[in-house]
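In the block that follows, a single chain appears as structure tokens, in the form predicted alone.
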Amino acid sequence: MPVAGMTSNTVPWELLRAAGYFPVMLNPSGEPTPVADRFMEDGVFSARIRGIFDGITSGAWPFLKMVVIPRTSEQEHKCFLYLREMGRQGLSKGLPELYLYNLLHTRSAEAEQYGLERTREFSTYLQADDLATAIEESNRACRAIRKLLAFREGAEPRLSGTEALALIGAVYFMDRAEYAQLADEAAADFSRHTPLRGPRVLIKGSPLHHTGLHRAIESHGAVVIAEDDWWGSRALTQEIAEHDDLVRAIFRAYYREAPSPREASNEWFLARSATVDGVVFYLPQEDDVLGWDYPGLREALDQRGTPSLLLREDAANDLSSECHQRIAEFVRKLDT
């Protein structure tokens, strides 16, 4: 089965699956990126995007038949352009087929119609012909994730944030039918776990493709019960409607429901933050999106009386002792 790489959650997994691909999220391991260091400017791309560029151009991922990049973040769009230029100039041999899924998250009738047309165009390009089966497989995984999320909600969570992020994020790397079965088994196991104690924390910030921040927070006695992030609480939480126009149904799920850097509304965050003891804002130095929203979101929490903490270090690496001290002090205040 040919493998198709995706750079984020706004690529329609169902279209790739229906076309006979094995879709997999590209998630570099944090190793050195010599090719990216040579061709990509400092301070423009996140470490994850640099790792993806390096993995594709260095030949480290020869299993990739195709790579689909959405236009829902500026970094991804620029990564696509850089990859195309590498191919045009012959600077990288054996590049996989590249496709830009031009999905805009601007909320307007024109943008929605444009996105639907691009989705139909993508489906035709792929020759996706078994949409119903792919949608059902994806929906089964969605239902399984909701079962896992249920063990994080309420006053007595039984699933830690560190465990939850790993279990939920696995959906981006697996056969989703197999994932649904294994996640259901995990949910049955967690139903027998003793409730976790500690202040209940929500994370808001840069995408968390690792468990470093969760582990750091929970090492000081808190429980991360949610994250406003497509790697965690907001992964596949909305099933795709199965009606006559399946391409339209897929498009609407990604356009209206999937979180992205261009998502204009903070409705989910404001509603969820009302149910927790505190919020951790995660804005590492590479962040170039949420920093614009942070002052307004912090003010909304202050007016409500919800404590918050801002962290600027990269949690993919070991956090400093000073950062750990700030987390510990924050958790102690929440616990009083």
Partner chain sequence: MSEKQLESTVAAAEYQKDWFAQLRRDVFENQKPYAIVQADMPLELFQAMDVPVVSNQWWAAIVSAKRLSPMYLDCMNGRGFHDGLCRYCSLPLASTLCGDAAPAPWGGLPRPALIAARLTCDCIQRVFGIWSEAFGTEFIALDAPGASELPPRWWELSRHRWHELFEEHRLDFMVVQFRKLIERLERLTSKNFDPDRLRTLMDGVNRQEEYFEEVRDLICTAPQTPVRMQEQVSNVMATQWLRGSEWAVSHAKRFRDEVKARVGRGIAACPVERLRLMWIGAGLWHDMDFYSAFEAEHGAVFVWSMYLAFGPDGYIRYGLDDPLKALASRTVSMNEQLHNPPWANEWIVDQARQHRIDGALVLTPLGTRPSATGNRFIELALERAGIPVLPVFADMADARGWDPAGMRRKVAQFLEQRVAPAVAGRNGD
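Computed from a predicted model, the values in this text were never measured in an experiment. Positions refer to the first chain, counted from 1.
There is another form of this protein, the form predicted together with the partner chain, and it is not shown here; the text below is about that form.
Novice: Is it the case that residue 110, even though its partner is missing from this view, gets within 4.5 Å of the partner chain in the model of the complex, heavy atoms only?
Specialist: Contact with the partner chain, yes.
Novice: Is there a heavy atom of residue 324 lying 4.5 Å or less from a heavy atom of the partner chain in the model of the complex?
Specialist: Output for residue 324 is no: heavy atoms all beyond 4.5 Å of the partner chain.
Novice: Please check if residue 177 has a heavy atom lying within 4.5 Å of any heavy atom of the partner chain in the model of the complex.
Specialist: The answer is no: residue 177 has no heavy atom within 4.5 Å of the partner chain.
Novice: Mark residue 139 yes when one of its heavy atoms lies within 4.5 Å of a heavy atom of the partner chain in the model of the complex, and no otherwise.
Specialist: No - in the model of the complex, heavy atoms of residue 139 and the partner chain never come within 4.5 Å of each other.
Novice: Go through 215, 256, 77, 147 and name the one with a heavy atom inside 4.5 Å of the partner chain in the model of the complex.
Specialist: Filtering the options by heavy-atom distance leaves 77.
Novice: Just one of 166, 182, 241, 100 has a heavy atom within 4.5 angstroms of the partner chain in the model of the complex, so which one?
Specialist: Result of the distance check: 100.
Novice: Taking the partner as it appears in the model of the complex, which of 61 to 69, 267 to 275, 33 to 41, 301 to 309 has residues with heavy atoms within 4.5 Å of the partner chain?
Specialist: Partner-contacting stretch among the options: 33 to 41.
Novice: Is the partner chain close enough to 85, 106 and 288 in the model of the complex that each of the three has a heavy atom within 4.5 Å of it?
Specialist: Result yes, every residue of the spot touches the partner chain.
Novice: Which residues, if any, of 188 to 203 lie within 4.5 Å of the partner chain in the model of the complex when only heavy atoms count?
Specialist: Nothing in the stretch sits within 4.5 Å of the partner.
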